[in-house]
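Take a look at this single chain in structure tokens; it is the form predicted alone.
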Amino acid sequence: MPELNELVDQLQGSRFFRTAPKAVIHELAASVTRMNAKAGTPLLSKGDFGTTMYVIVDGRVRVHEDALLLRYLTRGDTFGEIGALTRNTTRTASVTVEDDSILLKLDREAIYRILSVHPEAAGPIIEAMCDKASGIVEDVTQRAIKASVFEREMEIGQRIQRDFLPRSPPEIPGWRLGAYLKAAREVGGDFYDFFQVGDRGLLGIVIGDVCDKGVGAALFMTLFRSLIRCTALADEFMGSDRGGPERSALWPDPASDAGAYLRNSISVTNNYVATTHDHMSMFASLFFGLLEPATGVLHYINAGHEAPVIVGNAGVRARLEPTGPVIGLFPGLRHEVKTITLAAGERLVAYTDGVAEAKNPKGKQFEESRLLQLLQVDIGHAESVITTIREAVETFADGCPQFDDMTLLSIERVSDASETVSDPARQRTTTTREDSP
């Protein structure tokens, strides 16, 4: 048991009791309990009723709300004062021992008893409470300033990421294109792209999903998307008519060798990420298709992505299953190129896992089977398909927070070329990019 004078020194060394009268400090020292607390020991739980306060003699504790760190407290700090000095008040935060610590524990009844004998001590204690409250206000203010700066940076990030997505799908005679993306957070890892390739009217179609969510996924989303587009359009960016090199075997001609063209783009993207950022263990599932609008022939690689659906008047006709693994983890991966033809009246519907994995308040998932059931019936043109699926997911979620980024693509070959959407204003309505939940 420590000497009384040692306890007096330890109490006076705290910021809370430093101005208290010596007689009060001596009586408090006679009433404290000294305790050794091991790292990981929970001391206070938010929402509990408490009657004790603590003085940290040595060590460090963590003030937190669940997994969210609020602050660290060290030697000379106190905590639990509100519970010790007020009645019927719950703890405002949880406290857990971070490093092995030595604490002094004071009970409410002892404090009240001593204050009843020494009312002059109430003033210094009130001042100590006000000082601590002032420090908390200052801390909250600084956090609010930082949060405001962070929010602005995130808004800038949203705008930049939004610019990586098509403003509207290209207008292709005989085809209707639609797209929808909604990030689960301010920025996300889903992406899609449409781009016209070469002078024969070929259309590149991309949908991808980077692992994880939030800022990290968003940064890699821009990398994957940019690599795919840059390698896919290498001739346009580097062609001899722009002062670049002549065509070489590195840049296959999509019109004459669609398979080599797709494999080249996927391989370069995969090898770059896997060798340059291998320590990050980031990867993406990706579907990359090259469509010949005149014939409806679609050449594609599915790199570990959810199998897009080919839908006709009779419902689901085919699934475009993976032809190789996700990209970004290991260099030298090989992906098979497959081909399918979309007949007049058929459409390709592609999506990311955020659709099937959307949850309702009971924790159940929307699931792919429900999505496929929706596609078994004729639900209109490209924009109607996307709207129907989106509304079905929102109805199912019933207000439950979005768990993952959600992206949908619909590429429809209309029965009659005259039905093609040619009004730019109407065409734009088929692309929706929502930037926050």
Partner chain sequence: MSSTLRIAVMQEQGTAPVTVFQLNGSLDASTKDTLESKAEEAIGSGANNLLFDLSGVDYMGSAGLRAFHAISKRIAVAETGPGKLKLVNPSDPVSRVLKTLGFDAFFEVHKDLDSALKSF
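Numbering follows the first chain given and starts at 1. The structure displayed is predicted, hence computed values, not measured ones.
Note that the form predicted in complex with the partner chain isn't included here; everything after this is about it.
Task: Contact assignment for the partner chain in the predicted complex, among 109, 212, 127, 99, heavy atom within 4.5 Å - done: Spelling it out, the residue with a heavy atom inside the cut-off is 212.
Task: Heavy atom within 4.5 Å of the partner chain in the predicted complex - the one residue of 329, 82, 255, 260 that qualifies - done: The option sitting close enough to the partner is 329.
Task: Contact check for 43, 70 and 91 against the partner chain in the predicted complex, heavy atom at 4.5 Å - done: Answer is no for this spot.
Open item on the list: So, residue 131 and the partner chain: in the predicted complex, are they within 4.5 Å at any heavy atom pair?
Closed with: No - in the predicted complex, heavy atoms of residue 131 and the partner chain never come within 4.5 Å of each other.
Task: residue 204 within 4.5 Å of the partner chain in the predicted complex, heavy atoms - done: No - in the predicted complex, heavy atoms of residue 204 and the partner chain never come within 4.5 Å of each other.
- [ ] With heavy atoms only and a cut-off of 4.5 Å, decide whether residue 283 touches the partner chain in the predicted complex.
- [x] Heavy-atom contact with the partner chain at 4.5 Å: present for residue 283.
- [ ] Please run the contact check for residue 293 against the partner chain in the predicted complex: heavy atoms, 4.5 angstroms, yes or no?
- [x] Close contact is absent here: in the predicted complex, residue 293 is far from the partner chain, nothing within 4.5 Å, heavy atoms only.
TODO: Go through 336-344, 196-204, 167-175, 300-308 and give me the stretch that gets within 4.5 Å of the partner chain in the predicted complex, heavy atoms only.
DONE: Heavy atoms within 4.5 Å of the partner chain in the predicted complex occur in 300-308.
TODO: Within 4.5 Å of the partner chain in the predicted complex, which residues of 72-100 have a heavy atom? Give them in sequence order, or say none.
DONE: Residues within 4.5 Å: none in this stretch.
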